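Shown here is one chain on its own, the form predicted on its own, set out as structure tokens.
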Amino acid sequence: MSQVRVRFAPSPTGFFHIGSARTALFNWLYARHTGGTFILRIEDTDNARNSEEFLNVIYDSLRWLGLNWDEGPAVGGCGGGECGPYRQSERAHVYREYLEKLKATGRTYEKDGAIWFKLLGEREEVYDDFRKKTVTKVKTAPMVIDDAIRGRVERVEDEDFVIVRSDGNPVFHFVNVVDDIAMKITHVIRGEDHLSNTSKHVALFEAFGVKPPVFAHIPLILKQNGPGKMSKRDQGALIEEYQKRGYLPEAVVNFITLLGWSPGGDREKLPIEEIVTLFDLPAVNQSNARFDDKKMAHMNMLYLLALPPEQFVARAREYFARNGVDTGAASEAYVAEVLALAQPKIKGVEELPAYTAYFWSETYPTDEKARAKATGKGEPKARLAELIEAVRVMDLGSDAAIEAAIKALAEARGLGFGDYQGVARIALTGLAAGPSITSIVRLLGRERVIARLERFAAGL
């Protein structure tokens, strides 16, 4: 097995953001690409904002996306490992041990009740115009970071910084570095917004006498419209939304992969096995990626179309059960036939309830604009009467037989197929579009078709 060890370290302080999912995914992909280890570490030291609910959201979202972790909290067959515990709230003894190591090197001091990390270099007092006070600056050479994505980055760290607050709690920078050392992390793959922290982290690694890991800062995900980073409040930002809407996790993973990485060529839809083979850090873009919910929906549609019918039916039934969609007394075979008709026509499973409502019940909504259009030309009542009589004796055994019968009726009246199709569709479904009218007639059956046509005609 490869010595590569990467980690995803979320905080359970809110719902699972698409940016967090992308960070987890890139770490997981790199681990799988290199044959390394993917570690889940929970940064749950913010007692005021952490919650078990949000922690479970992280676990559920990662498992839904298929991002199984090799080491970390033991949940649902994932996790375990020799470097635990994997929740920072359970690692206070580790932080105390490393703090003592750092104190022994003379690189810490106390001030205002807090413990500070001491940079090496000549010191001078300088008035800071922005903060309106005198501060101690340390003359240090620029720190060079060879980032695996961004290349050479120089940052100057010229002020000592707090590593343990006055209340005794260690700060992010300290615990982050300690955990990376203790868990033998070789590559830190995280968002570009953490680049400003990296010089502090490198200084701490060096103070502990440890070679820093390889850093790789991935581009930000920009909101769909306007400037700025995508936030949890923006449309399409939360992974839970896609779960609830019946998106396929493999489509979501494929789409997120393309936010900052490209496989080359014109292909976008790729199986995860091929993505794992192709993925590498130098191919990650430096420029920020803009989120596009239409592209996400299109990707989901491509995956839905490619599903074997039995898998599509299973996914649809799961969505129906979760959202209280009642298919009445319909048989398994009937439900499967209806869903097979819908599969090539919809963009997402969330459209199925409205798209198929008239197949399950005699009470279904009618699109009034479509009704007005379908009944506003020709002689709809006469067409319906003719169609009712034709259906009484029509062969309903196949779409071809139904189509031939309607065409024969139309030709006998000197009309076209469309003269019957439009008004029949609104009468039978309440909608202007959907599966072929022949399939609708075949599946609904003679009695229900005649009853609906008669009821609709009576209302004209």
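Remember, it's a predicted structure, so these values are computed and weren't measured experimentally. Counting begins at 1, following the sequence as shown.
If you look for the form predicted in complex with the RNA, you will not find it shown, but the lines that follow are about it.
- Here the marked residues T363, A408 and G459 all miss the RNA in the model of the complex; none has a heavy atom within 4.5 angstroms.
- Taking K377, K132, K294, K211 one by one, only a single residue has any non-hydrogen atom within 4.5 Å of the RNA in the model of the complex, and it is K294.
- With the partner omitted from this view, the residue of R317, K139, K347, K103 that lies near the RNA in the model of the complex is K347 [heavy atom within 4.5 Å].
- Heavy atoms of F172 reach within 4.5 Å of the RNA in the model of the complex, making it an interface residue.
- Put simply, S331 is far from the RNA in the model of the complex: not one heavy atom of it is within 4.5 Å.
- The RNA in the model of the complex is approached by Y355, whose closest heavy atom lies within 4.5 angstroms of it.
- A residue is said to contact a partner when one of its heavy atoms sits within 4.5 Å of a partner heavy atom; L305 meets this definition for the RNA in the model of the complex.
- Shown alone, this chain has one stretch from 223-231, 377-385, 270-278, 118-126 that lies within 4.5 Å of the RNA in the model of the complex by heavy atoms: 223-231.
- Applying a 4.5 Å heavy atom cutoff to the RNA in the model of the complex picks out no residue from 312-327.
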